[in-house]
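Okay, here we've got a single chain as structure tokens, the form predicted on its own, with questions on binding and movement later.
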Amino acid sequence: MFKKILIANWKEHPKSGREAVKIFGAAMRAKTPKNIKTVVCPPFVYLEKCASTAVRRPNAKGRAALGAQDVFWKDEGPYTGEVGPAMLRALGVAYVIIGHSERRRWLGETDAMVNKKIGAALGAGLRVVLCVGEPAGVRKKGIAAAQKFVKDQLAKDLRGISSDKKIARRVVVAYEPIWAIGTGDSADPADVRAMAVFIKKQLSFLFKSPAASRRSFVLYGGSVNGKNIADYLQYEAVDGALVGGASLKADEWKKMVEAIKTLR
């Protein structure tokens, strides 16, 4: 069983399929021990190319799993531009990021929409990476305000989701304070640990299981790179990282994997 998860969110990068295959291939070749799970989430247009790369290297040591950056809540229908969970499964996608703050901000994604996407993704057998996190204005009011904001997000996003332990295990929460995403202003590691512990307690309540706090994976995302990742993952409560820009650089990805390997 893996202990830490490292997820690459490529966002709207790179510009060509050739470059996407090159970056994904580097992630596939990275020597990753069995206790570290790596997941790469390219844009939709590169998923099939990356899936083909994974098929060509079926025995790659510690090979990366394939993830998507979003999903719709219907498998098919008159929904122009959308991609359903069944389509992702057919491509070999195992994980899907849902509720990233950039989608909430730029595309008007609401908690109600996030909730429907989570239900559909889990119903299709996908693992969900639910993103939550407070904006700068809330954070300035203190940690208690930040925790209340995240608590409300979790309650709305996971409303009505089955408390079956098999379902709960397929929900990963990524704590990404909005003010730290892509800004270079990363959060204090001790504060991230405290938030991770808080989120796990909330998951125990929402999934109606005290054991959920032990089984749940909580990641940190927000200007994570090879230099600072160990500062966050040194804490047992922080189970991994959701990485943006740094995940597109092969050398940086390797540094992050190596940094996690040194942790006990």
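Numbering starts at 1 and runs along the sequence shown. Since the model is a prediction, treat every value here as computed from it, not as a measurement.
The same protein also has a form predicted in complex with a small molecule, omitted here; what follows describes it.
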Original post:
Looking at S209, T53, Q202, S223, which is the one with a non-hydrogen atom within 4.5 Å of the small molecule in the model of the complex?
Top reply: S223
Subject >> The single option of P135, G92, G182, G125 touching the small molecule in the model of the complex, heavy atom within 4.5 Å >> reply: G182
Subject >> Partner-facing stretch of 188 to 196, 68 to 76, 152 to 160, 174 to 182, counted where any non-hydrogen atom is within 4.5 angstroms of the small molecule in the model of the complex >> reply: 174 to 182
Original post:
Hey, in the model of the complex, does K117 get a heavy atom within 4.5 angstroms of the small molecule?
Top reply: no
**OP:** With heavy atoms only and a cut-off of 4.5 Å, decide whether K254 touches the small molecule in the model of the complex.
**Re:** no
Subject >> the small molecule contact at E109 in the model of the complex, heavy atom, 4.5 Å >> reply: no
Original post:
Is G25 close to the small molecule in the model of the complex, meaning a heavy atom pair under 4.5 Å apart or at it?
Top reply: no
Subject >> Site check K37, S216 and G240: each within 4.5 Å of the small molecule in the model of the complex by heavy atom >> reply: no
